[in-house]
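Just one chain follows, in the form predicted on its own, and it is written as structure tokens.
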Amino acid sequence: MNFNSISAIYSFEVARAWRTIGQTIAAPVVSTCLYFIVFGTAIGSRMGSIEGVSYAAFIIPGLVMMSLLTQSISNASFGIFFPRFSGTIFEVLSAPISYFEILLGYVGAAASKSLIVGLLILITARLFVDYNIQHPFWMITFLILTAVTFSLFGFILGIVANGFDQLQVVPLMIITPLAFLGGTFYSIDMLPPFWQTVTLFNPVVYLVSGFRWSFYGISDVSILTSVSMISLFLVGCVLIVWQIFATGYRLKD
């Protein structure tokens, strides 16, 4: 294992986040604070509790997960797309470093930056509402699994994208709507039976539900189902990335 090469890629990507700290870290934290103010304080004060949890506290896991998803995809997709765009990817591919080590550097950096944002949002949430974490081990597990899985997904997106504009299509047009419709601001038990069934086809439901369970012990689906779904998606992303490296798809041409 070439740890020096992994460290070089990782350090470069993390350093880029600090150079653009307003966009990569401050912006998602501030935007999430606005959700707390609007939904948690303004609207939440006029709503009752959901399964014994105040509305302001209820939406915290969903907001953290929504930011984690979008940031993981954006960080990883831009991290690999820029070397492709500038042509420096050929220097990386010709270096004495394996594909696995390249993946560790880029995906590890993207996941780390996303985890920092998620933890900052959790800390900031304390300024607006009190919350408790009943299962801290599972909370950390879901954070790491989600950050790594969707960083892999973002890595794939960064390879298949043809331009910078395409990097924003999936986070803005697909992930954000799925997060809004995935139980971020409500429990799916509040929906009519038909829409409850439809919502179960939304993969974000399982992420938000499992993450919320780690906080309050309540969920829309079982914790085993949530872990199984995120693990299945993780394996799928790994297989796709392996195929990309095996064929050199959009990397060597």
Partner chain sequence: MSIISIKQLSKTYASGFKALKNINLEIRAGEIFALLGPNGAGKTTLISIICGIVSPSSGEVLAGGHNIISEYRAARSKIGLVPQELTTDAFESVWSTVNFSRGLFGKPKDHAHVEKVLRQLSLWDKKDTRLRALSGGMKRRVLIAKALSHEPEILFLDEPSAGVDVELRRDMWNMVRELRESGVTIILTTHYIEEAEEIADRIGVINGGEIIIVEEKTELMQKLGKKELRLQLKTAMTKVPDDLFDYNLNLEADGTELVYSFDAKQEHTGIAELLRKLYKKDIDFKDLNSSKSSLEEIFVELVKEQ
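Just so you know, these numbers come straight off a predicted model, no measurement behind them. Residue numbers count along the first chain shown, from 1.
Below, we refer to the form predicted together with the partner chain, which is not included among the displayed structures.
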Open item on the list: Given a 4.5 Å cut-off on heavy atoms, tell me which of 89 to 97, 117 to 125, 136 to 144, 158 to 166 is the interface stretch with the partner chain in the model of the complex.
Closed with: 89 to 97
TODO: Find out whether any non-hydrogen atom of I9 is located within 4.5 angstroms of the partner chain in the model of the complex, and reply yes or no.
DONE: yes
Open item on the list: With the partner chain taken in the model of the complex, which residues across 1 to 20 come within 4.5 angstroms through any non-hydrogen atom?
Closed with: N2, N4, S5, A8, I9, F12, R19
